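First, one chain by itself in structure tokens, the form predicted on its own.
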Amino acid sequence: MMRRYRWSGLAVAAAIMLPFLLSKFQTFQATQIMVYAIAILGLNLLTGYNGQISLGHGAFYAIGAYVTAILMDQAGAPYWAAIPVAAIICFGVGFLFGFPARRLGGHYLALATFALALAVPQLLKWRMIEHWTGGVQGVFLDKPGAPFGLPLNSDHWLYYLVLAHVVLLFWCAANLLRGRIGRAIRAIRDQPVAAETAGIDIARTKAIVFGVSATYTGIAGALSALVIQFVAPDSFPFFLSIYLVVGLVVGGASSLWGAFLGAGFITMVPNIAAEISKGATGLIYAVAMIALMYWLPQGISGGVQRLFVCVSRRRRTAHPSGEG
């Protein structure tokens, strides 16, 4: 445990220093990676740890972004107040959707969330709410500056704002999964019959996990609206939900830090593929995914863990008495 805290502290310290070593565009990319990591972590809580398949988390991403944009644009709310409101609304929407969906499983739940991902972008274009959502034109936002006279430009401040949310949300997820609730979540995934026999309210737990997962993804959407300074229905297509699933699988399901690896993959690999060949970007991206799934079926984090296990076994074999 102390070793884990030590590595986590070093990672946070390195992240604090990172923007001063990067260009403006690279800082933006690093910020976007952290935003996607939060969204993938939310999906991981639902799919990786609880076993509920979702193809619609892009909808919660859009809801969080639009709630933040509407509050800032229409109500004049500060961004620091809009983000918690977006989180609360996303939890409510996720819980209400997850409660009836608790009876669904496997591909049935996937289809239900797929419908949600298709419906939300169209709903945002509806004429009855166009006054708030901006319709197809979307909503433009001002980039927030550093408060209290801090000597940081807007890009650095947004980076640290997102980093603070990353640290808080990952800490909350780690503590949630280590406790009794976390054991109940995994029990429902692995042995639902035994979990119900042990007294776990499966329906209620699934609905709560759905709400918490939607909260994480909604916060990511709210932060993305601040980083990009623009929201529009076409910014949240169905493929956004697929990208989050790709990040989850590539990074490694049931792995907290795998969310960063998956976020880095869906952010950087398309750019690298475009630099290699603009005419074959999709092909290169697909080949990279197939290669990773072939060589690392448990994701990048699973491959790294297996590597550490192999190294530890070799050390024990080389020094059976514990010497050296």
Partner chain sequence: MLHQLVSGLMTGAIYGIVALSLVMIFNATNHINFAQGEMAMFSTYVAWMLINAGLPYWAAFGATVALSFVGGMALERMVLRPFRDAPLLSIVVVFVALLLAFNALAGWIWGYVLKKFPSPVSQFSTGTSLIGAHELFVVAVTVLMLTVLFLFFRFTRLGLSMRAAAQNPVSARLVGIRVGRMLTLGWGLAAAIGAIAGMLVAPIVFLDPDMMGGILLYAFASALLGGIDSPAGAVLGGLIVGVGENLLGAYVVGNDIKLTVALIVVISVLIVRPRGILGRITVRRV
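Residue numbers count along the first chain shown, from 1. Here the structure is a predicted model, which is why all the values come from computation and not from measurement. Between two forms, the rigid core is defined as the largest C-alpha subset superposing within 1.5 Å.
Missing here is the form predicted together with the partner chain; even so, the following discussion is about that form.
Heavy atoms within 4.5 Å of the partner chain in the model of the complex belong, among the stretches 260-268, 288-296, 62-70, 28-36, to residues of 288-296. Looking at F170, you'd find every heavy atom of it more than 4.5 angstroms from the partner chain in the model of the complex. The partner chain in the model of the complex is not approached by N50, whose heavy atoms all lie more than 4.5 angstroms from it. In the model of the complex, the partner chain stays beyond 4.5 Å of every heavy atom belonging to Y160. The partner chain is not drawn, but in the model of the complex it has a heavy atom within 4.5 Å of L123. For a residue to qualify, one of its non-hydrogen atoms must sit within 4.5 Å of the partner chain in the model of the complex; none of A15, A164 and V231 qualifies. Though the partner chain is absent from this view, in the model of the complex it lies within 4.5 Å of a heavy atom of just one residue from A75, V136, A194, A115, which is A115. With the partner omitted here, the residue from H131, H107, R204, R180 that has a non-hydrogen atom within 4.5 angstroms of the partner chain in the model of the complex is H107. Shown here without the partner chain, the chain has I276, S277, K278, G279, A280, G282, L283, Y285, A286, M289, I290, M293, Y294 in 264-295 lying with a heavy atom within 4.5 Å of that partner in the model of the complex. Relative to the superposed core, M268 undergoes a Cα shift smaller than 2 Å between the shown form and the other one.
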